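Just one chain is shown here, as structure tokens, and it is the form predicted on its own.
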Amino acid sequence: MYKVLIVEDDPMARQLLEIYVRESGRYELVPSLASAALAEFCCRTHHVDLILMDICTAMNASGLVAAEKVKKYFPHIRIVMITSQPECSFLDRARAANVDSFWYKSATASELLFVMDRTMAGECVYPASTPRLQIGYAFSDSFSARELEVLRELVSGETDAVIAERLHLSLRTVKSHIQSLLNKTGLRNRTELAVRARESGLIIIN
């Protein structure tokens, strides 16, 4: 049977994942972890075939960062990222980290096991898109990729000048993107825009 490592800081979610694995009949648990910071060490001390890993874990450790390290030293280990967060960059960042598959925590036991089976068969399984969120009058899929980049910097608290420098844009272009976001959402100002983007889960600084 394949050995599965679970990295999840929410006790109830971790317990549910453990039940799914135990009752599968084809997967076996190795010790579960609350923090992705320990994932690489666990892979060095245990035989692991597959990791089910949350993105935001205990000790402020990023599952995406841990996944990249694991893939560097243990490329044979398959990784399925699992998250309840709809953050707009997670899918692209997971692909960049060579994560095999990605799914959301709302998946049922049969759906998750299907993803695990396909992943162990050598497939990469990703949802077609992130969950559709509403911010003000707009939905998240109405924002351009560049608008989302500007919004991320805005949520981080950066000034227009710093955003322009980081994204290699003119100050006028940054202001134009922010105004476009305000026009689409109907929100009153940049502060409200940043707060609503963070509260919705569209932008998570991780």
Partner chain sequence: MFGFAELGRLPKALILTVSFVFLCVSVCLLIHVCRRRNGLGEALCALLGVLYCGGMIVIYDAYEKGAFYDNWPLHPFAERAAEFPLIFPLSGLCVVIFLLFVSLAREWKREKRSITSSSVKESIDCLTTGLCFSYPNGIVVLVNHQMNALCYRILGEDLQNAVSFWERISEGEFHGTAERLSFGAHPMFRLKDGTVWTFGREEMQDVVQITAVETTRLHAITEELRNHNLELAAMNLRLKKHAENVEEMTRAKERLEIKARIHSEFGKALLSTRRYLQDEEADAEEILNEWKRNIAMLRMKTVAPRDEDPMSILMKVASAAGITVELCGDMPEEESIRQLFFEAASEALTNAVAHAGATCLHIEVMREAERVSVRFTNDGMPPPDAIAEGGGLGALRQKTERIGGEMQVETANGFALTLSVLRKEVNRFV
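Positions refer to the first chain, counted from 1. In this text, all values refer to a predicted model and were calculated from it rather than measured experimentally.
Separately, the form predicted together with its partner chain exists; it is not shown, and the next lines address it.
Engineer: Contact with its partner chain in the predicted complex for residue 193, defined as at least one heavy atom pair within 4.5 Å: yes or no?
Structural biologist: Looking in the predicted complex, residue contacts with its partner chain do not include residue 193, since no heavy atom lies within 4.5 Å.
Engineer: Does residue 113 reach its partner chain in the predicted complex, with heavy atoms at most 4.5 Å apart?
Structural biologist: Yes, residue 113 sits close enough to its partner chain in the predicted complex that at least one of its heavy atoms falls within 4.5 Å.
Engineer: Give a yes or no for residue 179: in the predicted complex, does one of its heavy atoms lie within 4.5 Å of a heavy atom belonging to its partner chain?
Structural biologist: No, residue 179 sits far enough from its partner chain in the predicted complex that none of its heavy atoms falls within 4.5 Å.
Engineer: Even though its partner chain is not shown here, does residue 107 get within 4.5 Å of it in the predicted complex, heavy atoms only?
Structural biologist: Although its partner chain is absent here, residue 107 would touch it in the predicted complex, with heavy atoms inside 4.5 Å.
Engineer: Tell me whether 89, 96 and 141, taken together, all sit within 4.5 Å of its partner chain in the predicted complex, counting heavy atoms only.
Structural biologist: No residue of the spot touches its partner chain in the predicted complex.
Engineer: Here the chain is shown alone; which of 40, 149, 160, 68 has a heavy atom within 4.5 Å of its partner chain in the predicted complex?
Structural biologist: Of the listed residues, the single hit is 40.
Engineer: Counting only heavy atoms, which residues in 176 to 201 are within 4.5 Å of its partner chain in the predicted complex?
Structural biologist: The stretch 176 to 201, when checked against its partner chain in the predicted complex, contributes 195, 198, 199 at the 4.5 Å heavy-atom cut-off.
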